[in-house]
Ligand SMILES: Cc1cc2nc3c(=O)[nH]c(=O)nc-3n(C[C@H](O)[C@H](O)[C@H](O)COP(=O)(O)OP(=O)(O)OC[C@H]3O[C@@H](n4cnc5c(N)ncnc54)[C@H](O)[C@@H]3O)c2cc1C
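Encoded as C-alpha cells, the following chain is the form predicted alone, with no partner shown.
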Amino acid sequence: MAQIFAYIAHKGGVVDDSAAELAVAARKIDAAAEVTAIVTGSGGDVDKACEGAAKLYAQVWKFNHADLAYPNAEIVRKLLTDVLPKDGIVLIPHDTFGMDLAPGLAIKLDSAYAPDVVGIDGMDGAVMKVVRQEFAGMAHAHVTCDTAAGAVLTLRPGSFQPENGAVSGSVTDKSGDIGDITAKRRFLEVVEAETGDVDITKADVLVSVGRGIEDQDNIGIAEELAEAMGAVVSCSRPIVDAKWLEKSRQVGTSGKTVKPKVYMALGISGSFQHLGGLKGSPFIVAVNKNPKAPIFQVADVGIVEDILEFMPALTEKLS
C-alpha cells in the first residue's frame, strides 16, 4: 500500500478544520495506513501548526523556511515534488490554494489526479474509487483512479465529518530537505476585506440567503426572520453580485469564513465555493424548493419548501 500524505492548511499557526477531514478521508482509503501530515510555514507559526497537526496524525513533517511564510502554490509544488515518493497518495483541501497547487503537482509527480472529491469508496488493489459531483451537484460520478504511480486528490471541505479523539504524533523537522524553491511570483501583501456594519464571523446564528430570495425587496423578509431568531443575515455570492447585500455579508471562499453554531441556508444550492466558507461543523438547516440541491447532502435538517413561504411562517411561529 502506498504511503498517504495530507497537506495541512493553517493560518497564524492555527490548523484549519480541513486537517481533521483529511485524516478521516485517509482512513477511508486505508484504515491501517500511517498517514503523514505535511506542514509548511515559517517561524513560530509553523511550530504551532505542527503541534496542532500532531493531535490528528501519527507523523508530521515540518518544513520551516522564510519563503514558506505565505502559502505560494508555486513554491510548495516545488517542495512537494522533491520530498514526496512517486507512488504516494496526496490529500489536499479543495480550496483556492488547493486548486492552484494540486493539478501541477499531479503532473510533476506523474500521478493520477481527482479534484473536488466528496466521497471515497476505498481501494481495490491499486485502484481507488472516489465520488465527485457533476452538473452543480445534480449528479454523482463514481471515478476510479489507478494509484500504482501515486495520486493527488483535492477533497471538498465539509464532505468528511471529523471524528472525535486525538493522537499524540511525532514531529520530524524536514527543513534540511528543502531544495530550490525559487519562484517567478512572489507574495506582496494581504488585503483584508472590509468588515462592514456587521461582522458575520462573530455571529453564533446566521440566516443566509441565496438566489431563492428572488428579489432585493425580499431581503427584508429574511431580516425579520433573523431578528426573531436573534441571528445575523448573511448571503451567498449571487446576492453580492446583484448588489442586494454588501460584500462583508458573503459566506464562501471568495467571501468570509464563518464558524456559527447554527447556519440556516435559505435558497442556497450549496456549491463548494459557498460551503468552503463554513467551518467548525455548525448545525445546518437547509431550505430549498429543489429536492436535489447539493446543500441537502451536508444539512442536518433539510426542508423542501419555497423560502418565500417558509420564512414568514417561521417568523410568525417564533414571534
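Start at 1 with the first residue shown and count on from there. All values derive from a computational prediction rather than experimental measurement. Under this definition, the rigid core comprises the largest set of C-alpha atoms superposing within 1.5 Å between the forms.
We do not show the form predicted together with this ligand, though everything after this point is about it.
This chain is displayed alone, yet in the predicted complex one of V60, A49, L56, A293 has a heavy atom within 4.5 Å of this ligand; that residue is A293. With the partner omitted here, the stretch from 229 to 237, 116 to 124, 140 to 148, 80 to 88 that lies within 4.5 Å of this ligand by heavy atoms in the predicted complex is 229 to 237. Residue contact with this ligand in the predicted complex: I268 places a heavy atom within 4.5 Å of it. Although the partner is absent here, G41 is not a contact residue: none of its heavy atoms lies within 4.5 angstroms of this ligand in the predicted complex. In the predicted complex, at least one heavy atom of E214 sits within 4.5 Å of this ligand. Residue contact check for E305: one or more of its heavy atoms lie within 4.5 Å of this ligand in the predicted complex. Along 223 to 255, these residues reach a heavy atom to within 4.5 Å of this ligand in the predicted complex: S236, R237, P238, Q250, V251, G252, T253, S254, G255. Remark: with the core as the superposition reference, the CA shift of A19 between the shown form and the other one stays below 2 Å. A movement of the C-alpha atom of I295 reaching 2 angstroms or beyond is seen between the shown form and the other one when the two forms are aligned on their rigid core. Once both forms are fitted on their core, a CA shift of 2 Å or more is seen for A286 between the shown form and the other one.
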